[in-house]
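Just one chain is shown here, as structure tokens, and it is the form predicted alone.
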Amino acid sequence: MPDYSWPPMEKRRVIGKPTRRLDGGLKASGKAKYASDFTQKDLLFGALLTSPHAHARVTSIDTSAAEKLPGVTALRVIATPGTEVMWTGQEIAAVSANTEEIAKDATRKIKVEYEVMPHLVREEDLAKAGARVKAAGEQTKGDPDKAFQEAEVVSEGSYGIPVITHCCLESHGQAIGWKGDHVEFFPSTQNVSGIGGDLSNTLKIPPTNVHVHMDNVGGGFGSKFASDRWGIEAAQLSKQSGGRPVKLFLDRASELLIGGNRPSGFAKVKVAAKKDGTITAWDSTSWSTGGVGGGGAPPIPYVFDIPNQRKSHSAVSTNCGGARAWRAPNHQQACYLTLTAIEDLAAKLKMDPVEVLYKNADLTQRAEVYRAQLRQGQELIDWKKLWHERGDSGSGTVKRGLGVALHTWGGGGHNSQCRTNIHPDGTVEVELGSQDLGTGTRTIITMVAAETLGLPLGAITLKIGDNALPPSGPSGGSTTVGGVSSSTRKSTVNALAKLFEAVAPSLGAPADQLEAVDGRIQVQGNSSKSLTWKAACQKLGVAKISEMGENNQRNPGGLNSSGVGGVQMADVSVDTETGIVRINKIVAVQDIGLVINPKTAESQIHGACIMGICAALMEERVMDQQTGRMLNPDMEFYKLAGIGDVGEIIAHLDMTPEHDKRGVVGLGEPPAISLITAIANATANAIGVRVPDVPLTPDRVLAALERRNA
């Protein structure tokens, strides 16, 4: 059996070296093509009519005026009379037309009558949710009542993290057309190999009749796996229009309303400890929503397995667009509801929160990793010099504070198959049906292939983004890098072994004593007995080598594993007159096993930290209970951070021989988890009082200061 293991550190020529993304120039220049860029001569445009009501029943719908509009090619009613509409933005009808303007005009000509029904769109006050609350029941471990009675210090607080929506710069959508009984599908997706099967189930055609192709995706973050209602309707509009392709992408308002969201999390928490900071008990009542389906239970207390605990969670059903995976589902909420409470406990103890986390690290599954990362973070942010007890930030109106939080994630590789072709002329193709979400997957795959074959990156032709290629799993749960790097490694090793067999007689050595180094095939350790790569490939005659490799997530064979830890710290300044919080410095310390490309890994962390800053300071879905509508379904009032908001970000990869031996572990989720909490804790440290809910908007900061002064 070939040796698939990663080459030892001292022999690596490509893996582990900072490398620019291969698609960087194309994207920076605008030459990279996305599904939303799709165009051709007979292209039609689709548009959706959506509900203006949060909760209503469709009583009648008249499409005659829309169907008569010149340029309209097809119209489909999605919500027939009698349909109960459950959120603002729910799809009512779809139209295709020769131009986007005509399609939108047609939706405005559709006349719909509704019976408006009672709605609930805000969940912060559990007492007002009534029958919309579904309790999951109480969970108890140990003897929390006794632990609280014996506790030397008890801290209590209420905390909240809101719903935030997906805001992909390329909104959800696709171009799709029929050719006979086959469908050509150009989606914006995180699931190139699987989305065709999802669509075929609804269209009642074989999965092999759906051809999926996508070169680039303008953001997904967990929300773009299924073909969705708009994909199904676009396919049917195309069929009704004689097979002409239909391009239907959500407009910005619909993207924010129905493109998915991260559920909220609210909790009333009580934590007990000894005077030395040892945490002894936990009690929490939590609730959340992501829409009609309620909200999942965040795993609190997060990371720490506190010996005595009582907790209960309720899901609140609201008349809002539904939840979707959002870069570490449930972890941001769990981290915030847990680590804010522990920070408040540390403040009550008058202890450094880093020392409290350090002392209680044995309650986690990665104690020594966290301890090392806490010390690394302290050094990088100058914690021991800058930290002070809560509120003791000196005179003046601008107060400075530090905050800390930590997190965990899995990140094991998904199932993936890869094919490597070596041709007699020396060209090499690596093929797999993966997708690059913009995270550098193309670069990673090419680096692994180049490392294995002893070739420069430019010698590898990579083909991804097509479901006709060997299947690879969807990009979710930080599973992509482990899956594709492992299948690529196996495939290229297998192909190289076949090449060794072909050239062994010419080099007078057994195939298992050959190696590929710097564009040559040579006897191990003897460059004088070698052939250039091209000369070696010519030994194949007219036949090419084509070898497969597979990663099985149940048995990754040591090439990838799962389970990581990370610590993030924030240094902020708060203007107590305006309530504005500004980021001075962010430190993110992260372990991820074997790092294939430190440059793209650090870039991933930077992007995750920016998302954390957005959610900590400005990002939230604002719903109006009276009308049932979202008040900020746009990019003017749905606030995201700009370059002036992010401060200095230091990404520190926790690279050690021990982590390296674990193989590749995914990075997408973990660094997106704990920064919200760290910033909130830093703000409390600066101003001397907890702002209970994020985002830390000026009005919330000023309200907290007013309560403190009162």
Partner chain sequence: MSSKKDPDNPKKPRPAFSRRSFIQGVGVGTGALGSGLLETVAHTAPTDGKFAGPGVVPITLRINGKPINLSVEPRVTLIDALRNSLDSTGAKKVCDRATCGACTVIMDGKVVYSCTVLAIDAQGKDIQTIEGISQNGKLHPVSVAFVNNDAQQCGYCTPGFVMAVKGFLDKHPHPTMDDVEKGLGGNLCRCGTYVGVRKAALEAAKEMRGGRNA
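Numbering follows the first chain given and starts at 1. No experiment lies behind these values; they were computed from the predicted model shown.
As for the form predicted together with its partner chain, it is not shown, yet the points below apply to it.
Engineer: Quick one: which of 675-683, 654-662, 55-63, 32-40 gets within 4.5 Å of its partner chain in the predicted complex, going by heavy atoms?
Structural biologist: That would be stretch 32-40.
Engineer: Counting non-hydrogen atoms within 4.5 angstroms of its partner chain in the predicted complex, say which of Q604, Q590, T492, N560 makes the cut.
Structural biologist: So the residue touching its partner chain in the predicted complex, by this definition, is Q604.
Engineer: Considering non-hydrogen atoms and a 4.5 Å limit, which listed residue (A129, C167, V154, L540) is close to its partner chain in the predicted complex?
Structural biologist: Exactly one residue meets the criterion: C167.
Engineer: Could you tell me if P162 has a non-hydrogen atom within 4.5 Å of its partner chain in the predicted complex?
Structural biologist: Outside the cut-off, so no.
Engineer: Evaluate K11 for contact with its partner chain in the predicted complex, applying a 4.5 angstroms cut-off between non-hydrogen atoms, and reply yes or no.
Structural biologist: No - in the predicted complex, heavy atoms of K11 and its partner chain never come within 4.5 Å of each other.
Engineer: Please tell me whether any heavy atom belonging to R108 falls inside 4.5 Å of a heavy atom of its partner chain, as the geometry stands in the predicted complex.
Structural biologist: Contact check for R108: yes, within 4.5 Å of its partner chain in the predicted complex.
Engineer: According to a 4.5 angstroms non-hydrogen atom cut-off, is G218 in contact with its partner chain in the predicted complex?
Structural biologist: Heavy-atom contact with its partner chain at 4.5 Å: present for G218.
Engineer: Since the partner is left out here, which residues of 250-273 would have a heavy atom within 4.5 Å of its partner chain in the predicted complex?
Structural biologist: The one in contact is R252.
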